[in-house]
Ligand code: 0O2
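As C-alpha cells, one chain now follows by itself in the form predicted alone.
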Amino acid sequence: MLTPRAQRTLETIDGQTLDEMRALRDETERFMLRYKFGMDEVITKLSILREEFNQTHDYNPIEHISSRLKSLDSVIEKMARKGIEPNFDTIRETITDIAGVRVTCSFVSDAYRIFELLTAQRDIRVIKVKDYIKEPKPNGYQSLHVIVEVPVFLSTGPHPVAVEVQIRTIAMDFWASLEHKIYYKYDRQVPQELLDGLTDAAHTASELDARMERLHREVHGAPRLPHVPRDIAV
C-alpha cells in the first residue's frame, strides 16, 4: 500500500513513464531470477553428490551447503563502488558474485575434491579460481573460491549464469562467520587489536585443520589431491 506522499507522486507521472518503470521493474526481476535459478542448479549438483556419498561411500566430504542471493540494493552499491554503467549486460560481465553457494567440509583435502567433482561436470564452465588455501589472505583466511558458469534453461532458451562457490573447512567457516559479525558491529572500522586477534585466530584454525587432516590420514590414508588448473587461477 502506497503512502499518501508516494500516491501523490505517482499521480504526477504520465502513463508512458509508468509503463517504462513497470518494464524496468519486470526486466530487473527476470534478471535477478536467473541468478536464483543458477544458484539452485549448483545447489542441486552439490546435493546430489552429498546424497551419493551418504548412500554409497564410507566418507562424505560435504558437511553443509548454504547459499545467498545478493539483494538489489547490494548489487547497486557494488555498481557504485566499481563505477559500473547501470545496464544489465555490464552487470552480468563484471559482477560475478550475485549468486553465491558455500560448501563446508571437514578437511582441506575435501575442498579440492569437491572442486574437482563439481567442475568435472560437462555443463559447468570454470571462469575463475582464487585459491586462498595455497595462498592465504593477509588476515589468514583460507578458502577455495570458484566462479562457475551454469546454464539455466528457461522458456526463452538456455541462459549462462555465473555463480560463486566458496569451499572451506568447518574451522575456517567459523572464523569467517565471526569476522563478518565483528566487521558489521564496527561498521568495517575494526580496532587494530581486534584485527590482530582475528589474524592469530585464523592461524590457529589453520593449524587445527592441519592436525585434524593428519589424524584423518592415519585412519583413512592419504587422499589424492586433484590438480587445480593454474592457468585460470588468480
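These numbers were taken from a predicted model, which means no experiment stands behind them. Residues carry their position along the shown sequence, with the first being 1.
One more form of this protein exists, namely the form predicted together with the named molecule; it is left out here, but the text below deals with it.
Checklist entry - Is Glu149 close to the named molecule in the predicted bound form, meaning a heavy atom pair under 4.5 Å apart or at it? => result Looking in the predicted bound form, residue contacts with the named molecule do not include Glu149, since no heavy atom lies within 4.5 Å.
Item to check | 4.5 angstroms heavy atom contact with the named molecule in the predicted bound form for Leu195 | outcome: No, Leu195 sits far enough from the named molecule in the predicted bound form that none of its heavy atoms falls within 4.5 Å.
Checklist entry - Looking at the partner-bound form in the predicted bound form, is Lys137 within 4.5 Å of the named molecule by any heavy atom? => result Heavy-atom contact with the named molecule at 4.5 Å: present for Lys137.
Checklist entry - Would Met32 count as a contact of the named molecule in the predicted bound form, using a 4.5 angstroms cut-off between non-hydrogen atoms? => result Answer no; every heavy atom of Met32 is more than 4.5 Å from the named molecule in the predicted bound form.
Checklist entry - If contact means any heavy atom within 4.5 Å, which of 83-91, 96-104, 151-159, 116-124 contacts the named molecule in the predicted bound form? => result Within 4.5 Å of the partner lies stretch 96-104.
Next on the checklist: Between the named molecule and Lys45, His57 and Asp110, in the predicted bound form, does every residue show a non-hydrogen atom at 4.5 Å or closer?
Outcome noted: Spot residues vs the named molecule: no contact at all.
Checklist entry - If we check the named molecule in the predicted bound form, which of the residues in 61-81 reach within 4.5 angstroms of it by a non-hydrogen atom? => result Arg68, Lys70, Lys78 sit within 4.5 Å of the partner.
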